[in-house]
Structures are given as structure tokens and as C-alpha cells.
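In C-alpha cells, the next block holds one chain alone, the form predicted alone.
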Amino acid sequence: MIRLHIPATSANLGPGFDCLGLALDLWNTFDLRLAGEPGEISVTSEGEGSKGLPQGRQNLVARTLIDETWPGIMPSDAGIQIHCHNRIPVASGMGSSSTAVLAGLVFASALAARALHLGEPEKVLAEVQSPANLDRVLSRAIKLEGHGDNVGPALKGGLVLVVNREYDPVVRNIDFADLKAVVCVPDYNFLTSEARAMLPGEVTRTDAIHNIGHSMLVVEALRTGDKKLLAQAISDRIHEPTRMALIPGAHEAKRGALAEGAHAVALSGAGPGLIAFADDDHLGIGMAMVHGFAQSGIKARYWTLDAVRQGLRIESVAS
């Protein structure tokens, strides 16, 4: 029926806690097909984390689809088959779960469009791809996630600023200079929900002012390509001090990347991955980060990725 391509993301970007995110050139792909017995929902996965992911209704894509599909919209003439091709490492700080939530929401909108335009797949695709539908999907994804710094750039691409207000979030793409990053992910179980629960409930006025100012500098540095400014700007006092201390080898990995010439290093999302921005020697930076984690007995992998201006892509596939 339809296929989705959704990019990895790096959220926060240091001081932009829950507000800033960047799309990266590493993509998960999700297929929705209607086949099998009515009422049946099956999920298959390949790639990153596939052996540990639920294969039925408890899979996050399927669970979101079921929860967000109105009564009477589920197909009565066939079952639902979902296939996930995961290239983004799970629980890495690169937005894997956000791609699953977005996929479930887009699939739910596709089923609603199919119920309205039965037998007219072109109209179904046009409805799903419409700006109005994607705005609804993004607003709902932000509501489900509680913050939009991953789902925003995953859907819209590029550098995204998200302010999650009570009724309607404000989401804006910000132009940015071409940039490349090294993302290093340790083999360490550090779920976003746990990472969030460990944060202090209050911050000082000094720390709040620090983060407000530095997050604006991050935006300006990425917009203009000013690497010297970026090095000064990526400084957080709200979430990274707590989280970095809980990830073995994170400080050593950060120091190693900076020593190899990275302009700036931050946690990728809630971690445990780190993102390092650099113009060259990405191999050396990646290996230095791997070595930093290894000093604490933690294995790690790294990816060298471009920031991408395109987000969610939707295409029609044969059922």
C-alpha cells in the first residue's frame, strides 16, 4: 500500500533541550500492505535491533497504528502487514522510536484515507502526503512523545526548532550550512525514559539563562556554518551533566573527539550516543570516540553522516 522512509535525528544539540533537532542521513523504512485474514496484524523486522523487537501488536509501529485508528476504519477485507527495515540503532539517541511513532501515525492516516477513497490509491496517497495531514501527524506525534525535537526533524527534515505549547506546537525549519557529523553509539542500555526520569526537577536561574543564550548561539552557528561559534555554543547545564555521568566512557569519548579535531561534541538526544561536528578526519574522530568508550569496557560503533534537508518520504507500493 505505502512505504515510508524516515531519517535518524539528533535532538537537543547541547543546550536546546527538547527544542532543537537535526535530521541525519540514516533512514528507517516501513512498509504497510493489506493482506491475509481480516483482523490480523503482523509485523516483521530486519536490521538494527530486529531480534529484540516485538513482531505483533506490541510492536511500537503497530501499537501506534491501532491506538490512533478510529473505530470502523480498520480494513474489513484484509489483514495488516507491516515490515520494518531498521538502519537506525535502537535506544541510541538517534530517534529510532520516533520513526516508529511517526510510521504508526502515517499508517493510521493512510487507513482513514483508504476508507474514504476505497479503490482509488492515487487519492489515498495524495491525502496522506497533503500538508494538512502531515501537520496533523506531527502535532499528534509531539503530543505522544511529549516533545518534538526528534519527530520534528524526522518529518520535516533539516534543522528544526519546536516549541511544544499546550494546544498547538510551533515548528519551524531553520536554514543551515552544509555539515557532517560523527555519531558514536556505545553498546550500553540507556533508555530515554530512564534518562529523563533522572533529571533534576528544577534548575537555577543562572543555568536557565545559560541554556537560553547558548541554544540561540547554536542555531546561529549552524545557520552560518561558524564552527568557532559552534564550539563555544554547545554547552549545556540542564541535562548533559547528569546524563554524561551515567554513561561509562562518555567523557573520555568526548575528550577524544575534541582532541582529534572535532569542533563540538554533545550527547545525541538523551544518549547514550554522542554527536561530534567536524569538517574532516571523521575516521580519526570516530575511532577516538570508540577508544574512549573502550576505556570503560564498553564497545561502540560510529557513523559519519551528513545533515539532510529532507525528512519523511512517502511512496506507493503494490499491495
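Here the structure is a predicted model, which is why all the values come from computation and not from measurement. Each residue number is its position in the shown sequence, starting from 1.
Missing here is the form predicted in complex with a small molecule; even so, the following discussion is about that form.
- In plain terms, the part of the chain that comes close to the small molecule in the predicted complex, with a heavy atom within 4.5 Å, is 146-154 out of 224-232, 131-139, 207-215, 146-154.
- For the marked spot (Phe107, Ser109 and Arg313), a heavy atom within 4.5 Å of the small molecule in the predicted complex is absent from each of the three residues.
- Using a 4.5 angstroms limit between non-hydrogen atoms, Ala257 is distant from the small molecule in the predicted complex.
- Using a 4.5 Å cutoff between non-hydrogen atoms, Ala270 counts as a contact of the small molecule in the predicted complex.
- Within 4.5 Å of any heavy atom of the small molecule in the predicted complex lies no heavy atom of Asn86.
- Of the heavy atoms in Tyr302, none are within 4.5 Å of the small molecule in the predicted complex.
- With the partner omitted here, the residue from His117, Arg237, Lys180, Arg196 that has a non-hydrogen atom within 4.5 angstroms of the small molecule in the predicted complex is Arg196.
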